[in-house]
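Okay, so we've got the same protein chain twice, two forms, each given alone as structure tokens, structure 1 and structure 2.
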Structure 1
């Protein structure tokens, strides 16, 4: 066997220069320098050099078969001159499908692969140039939008300050009105008390015996009964408690009823001057009092006027505060490092896909409308959800209309660089989960351009 190997090694040596190690990149050439033996790149094994690319996998790491499909974990290097070099899994070598544009992966198969690298390269270059133009243009537009965004931001800030000023003014006004209302209320109260106390006699005098009798005589039969008395008269010291029948009978002078003549001489006096019982306080009674007293009337009108004024100011104050909170909420949204996404806030973008029209209103909501005009919410603004490197590459809209099988609709919007701002595609890979592609200049990143120049070409 050794002799066998030796012969092989010698014959190998003779034609070494003409044989190229298939499937490796130039940076890996150093591992495949011509020797008697080959060390697997992971160092696990030494094999005779003739076993490199002999269509049998010897190395655990697949490094002895860079040019064949023999190793399960191997990879094949497509040089792809004129295009972009890349690795493919070994399993794609000679599988009858053209993977490398230089056709180098199908060197022993029925597939008739053309070398398409030049065309691909041209297309790629045209594409990259297009992309770069787009990027340049996009970045310029983005700069404008950033400037606009800054202005808009300032404008909004100014608006906020203005509103806050208005709110402050309103607050001062509000306090003034509160004070005034309080004052009016107090005045009204005083008038009422005065009426009830001192000037009350006057009023009550005018308010004759007969009118009090009538007010007590609920059924208007010309006499006051126990029931009527229990209904209308209360103890001064215990207003809650009704009179007992005995107490009522006592007040009626031992009988079960009393006419107006008797009333004038007995109960009238007890009610107006005594300190044991009184006529029950009722609103009707007070109102009728107010109705009749001009001072009280004026005080009441003034109090009502102040209350209306206060309410108006309060409403204005609430409205302004609501506006402030809305604006604050809007301004609290992260519009990017330079407020470049701010201009999207009040915009909406539509796209028709098959039978549906989708509307994306950034930072607000996403909706879907069918041909019949029925609108369904696919989600309200949730958050930025991009990569840690660029969190502004993706938006999430959540808590849309509930789904048939539970859960609610949601939409994930991916932002890509483009010269205009538009909704490009909408898909529903799983029920009720929408993904959208949204193009806008503000998604353009200068770093992309650099990568394009250095490694893609």
Structure 2
């Protein structure tokens, strides 16, 4: 009889001990050491130690019932040996549903739970190992891209210096050609004045008057009409606007037509002074005069030659300055601490999602194109918008095309570590607001390798 009582007592103490420590993590065991009384962890109450895990809630914070479902604010600790431990609400203890992979939450229910922690841990360990292999390879590729980025940055800087030197050389040429054109125009003007002042001056003037009159007399009937003036003459300060009928009549001396004699003494002076009106195209009238004198012809040819050369140099100078401006804008962008993101500039990455094709051109823009070929801008490069610890983890593209609900489209691009550079996913969680997952080796961070992926396996 005494033996049976001894066995029962030992069994009772074992049950009490297991009941006391059930649902507690190793870091909390210091609060549950065997003693006469138990202090609630929030310090609000002291109870007899026998009341811990007695399936009755005594502490407001639920700390006296870590292994039962008695307290509404309680938490049960799943040890999950071989996998990740975690807490579950104490209301799930013995509810007939297996929440802990080690089945420890259903110790007093009819649920037949299997311990699946080892299999789960094995799968997670394989996943973590795969992630670490990807991280290792990604970091190696990132280092290569950093080295390429530094070289590319130096090349861009050298290119900028070369373009600036070319611009300086063209500036000197531009000033020289402007001077030469000015000299050619001056010689042409002097030749023309010499002809006017000499014996042929009157003949030249008469021929010039006659040529200009004929250029205005479109129907060659010997008179200039209102319609012909409106067609051939323009205002100096508003060339695009046609003369009104009243303005044309005023130029014709109040009438509706004018012969060559009246033209020579009235309208000729107005047109040659060039104060208010001019002929839209005077080449035909002047060319006939130029062709009559070899000196004037040579001076005119030289002036045209210098004007052509000047235009070529001006175009070259403008082109080089545009290239300098574009290059400066590119170099002003933040490409990372080691210029690792520089290689993404001038690249574009596409992804087809259902009927849409999305194109991400880093540091430029994001677009969406449907099957009909209609392209919509989802935003232009805005800024880096990552966390303080890693500001280069997210890009923002803003001020896209207007959305029908108001506002403009925008896209947020999250950069993730991978061995390839590719656009992986596109979603539209809210109207006209897009989120994208962009994978690239330059997003791999050494800190991930140092910290690893937290797992209590």
Partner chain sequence: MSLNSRGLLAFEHLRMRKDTQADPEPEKKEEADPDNQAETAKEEEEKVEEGMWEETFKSHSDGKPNGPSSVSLDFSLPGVEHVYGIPEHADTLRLKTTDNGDPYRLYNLDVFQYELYNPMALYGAVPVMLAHHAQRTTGVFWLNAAETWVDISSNTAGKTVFGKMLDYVQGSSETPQTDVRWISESGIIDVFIMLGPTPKDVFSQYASLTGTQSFPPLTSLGYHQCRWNYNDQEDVQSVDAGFDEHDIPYDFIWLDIEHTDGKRYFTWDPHKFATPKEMLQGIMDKKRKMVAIVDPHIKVDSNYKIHNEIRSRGFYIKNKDGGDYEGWCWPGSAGYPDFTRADMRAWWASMFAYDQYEGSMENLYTWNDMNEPSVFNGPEVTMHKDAMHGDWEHRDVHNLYGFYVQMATAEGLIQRSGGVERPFVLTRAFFAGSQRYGAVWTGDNAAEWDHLKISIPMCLSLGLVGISFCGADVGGFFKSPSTELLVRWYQTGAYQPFFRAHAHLDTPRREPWLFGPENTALIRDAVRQRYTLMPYWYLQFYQAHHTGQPVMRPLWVEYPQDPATFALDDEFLIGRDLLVHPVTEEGVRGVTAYLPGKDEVWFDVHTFQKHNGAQNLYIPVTISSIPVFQRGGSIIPRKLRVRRSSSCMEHDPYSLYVALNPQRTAEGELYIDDGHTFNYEKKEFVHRRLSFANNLLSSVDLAPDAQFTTHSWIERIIILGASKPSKVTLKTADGQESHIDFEFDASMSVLTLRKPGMNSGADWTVMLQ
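Residue numbers count along the first chain shown, from 1. Fair warning: this is a prediction, and the values are worked out from it, not measured in the lab. In this text, rigid core is short for the largest set of C-alphas that superpose within 1.5 Å between two forms.
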Check your understanding: Between 1 and 2, where do we have the form predicted alone?
Key -> 2
Check your understanding: Taking the rigid core as the frame, does residue 351 move its C-alpha by 2 Å or more between structure 1 and structure 2?
Key -> no
Review point. Is residue 219 one of the residues whose C-alpha moves 2 Å or more between structure 1 and structure 2 after the core fit?
Key: yes
Point to revise | Rigid core superposition, residue 51 Cα moves 2 angstroms or more between structure 1 and structure 2 | key: yes
Review point. Hey, core superposed, how many Å does residue 170 shift at the CA between structure 1 and structure 2?
Key: 2.4
Study note, to complete from the structure: Here the CA of residue 181, compared between structure 1 and structure 2 on the core, is shifted in angstrom by 5.4
